[in-house]
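Before any questions on how it binds or moves, here is one chain, the form predicted on its own, in structure tokens.
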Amino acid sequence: MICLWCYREIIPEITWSNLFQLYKPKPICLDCENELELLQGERCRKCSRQTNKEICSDCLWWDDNGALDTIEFNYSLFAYNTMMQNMIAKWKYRGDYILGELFKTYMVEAFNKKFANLKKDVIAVPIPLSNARMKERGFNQANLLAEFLPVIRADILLRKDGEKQSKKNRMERILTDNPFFIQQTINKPVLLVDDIYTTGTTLRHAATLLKENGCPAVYAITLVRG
């Protein structure tokens, strides 16, 4: 197997734990994997921001403006360090679709760790791209991440065309109008899926719309905590 990032051959390490079972290595070599920063230690229980406080200042702000705080919690996997920024840029903005496979094992492990108790009922809903962004990129990175999860996926949200979120500052993101509309009601819990959690506005807009249309609870899983 070849590392999808550096293209070097991956030589699997044989241990007693994997010697007698079917073992499929991750499509990333150990050197590249070590440059990624998995979120560990203390973090905000609502948004996964690394902090020694139970709830961070960002989430307290949302609590004070409770009309939009419609997410039970978000769980993120990685910090947005230099290696991850480079990976996201090549995958998301330069159209290297296959790089998404790097994150499959991590997404499954995170789901089993934080959401396994919801497996029978929850539906994964990826954050959609606008038609313009979809034509520009060729694929929706959130949809690919959602496909990795061992639950039913439903593309019930659509996104209006508009200015890229990456071009907006923090306050402009928070104050933006809801960019989504919904195609049907839903009466099951939803796990929103996206690549990057920055201010949390995008997820909260989606969650607000879902709850207005029958969803009893909304959770989120994101690859990166920005």
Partner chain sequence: MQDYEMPPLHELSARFSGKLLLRKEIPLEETLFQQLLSLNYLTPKKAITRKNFTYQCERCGNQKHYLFANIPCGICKQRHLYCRKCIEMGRTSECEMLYYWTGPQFTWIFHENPCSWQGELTDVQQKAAQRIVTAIRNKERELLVWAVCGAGKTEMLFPGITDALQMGKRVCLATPRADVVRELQPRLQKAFSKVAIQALYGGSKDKQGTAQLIIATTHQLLRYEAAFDVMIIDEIDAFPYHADESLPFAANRATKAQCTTIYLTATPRKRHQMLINRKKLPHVFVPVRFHGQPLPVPKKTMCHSLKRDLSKNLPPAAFLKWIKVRQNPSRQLLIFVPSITLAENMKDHLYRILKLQGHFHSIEKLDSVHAADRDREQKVRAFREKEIFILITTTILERGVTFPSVDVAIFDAGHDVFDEAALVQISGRAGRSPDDPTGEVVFFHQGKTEAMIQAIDSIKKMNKRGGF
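Numbering follows the first chain given and starts at 1. Note that the structure is a prediction, hence the values are computed from the model and not measured.
There is also a form predicted together with its partner chain; it is not shown, and the following applies to it.
When its partner chain is considered in the predicted bound form, D155 lies well away from it, no heavy atom lying within 4.5 Å. Remark: P150 does not count among the residues lining its partner chain in the predicted bound form, judged by a heavy atom distance of 4.5 Å or less. Its partner chain is not drawn, but in the predicted bound form it has no heavy atom within 4.5 Å of K113. A residue is said to contact a partner when one of its heavy atoms sits within 4.5 Å of a partner heavy atom; M83 fails this definition for its partner chain in the predicted bound form, lying far away. Figure note: of the listed segments 136 to 144, 117 to 125, 73 to 81, 104 to 112, the one touching its partner chain in the predicted bound form, with heavy atoms no more than 4.5 Å away, is 136 to 144. Residues of 94 to 121 placing a heavy atom within 4.5 Å of its partner chain in the predicted bound form, in sequence order: R94, G95, D96, Y97, I98, L99.
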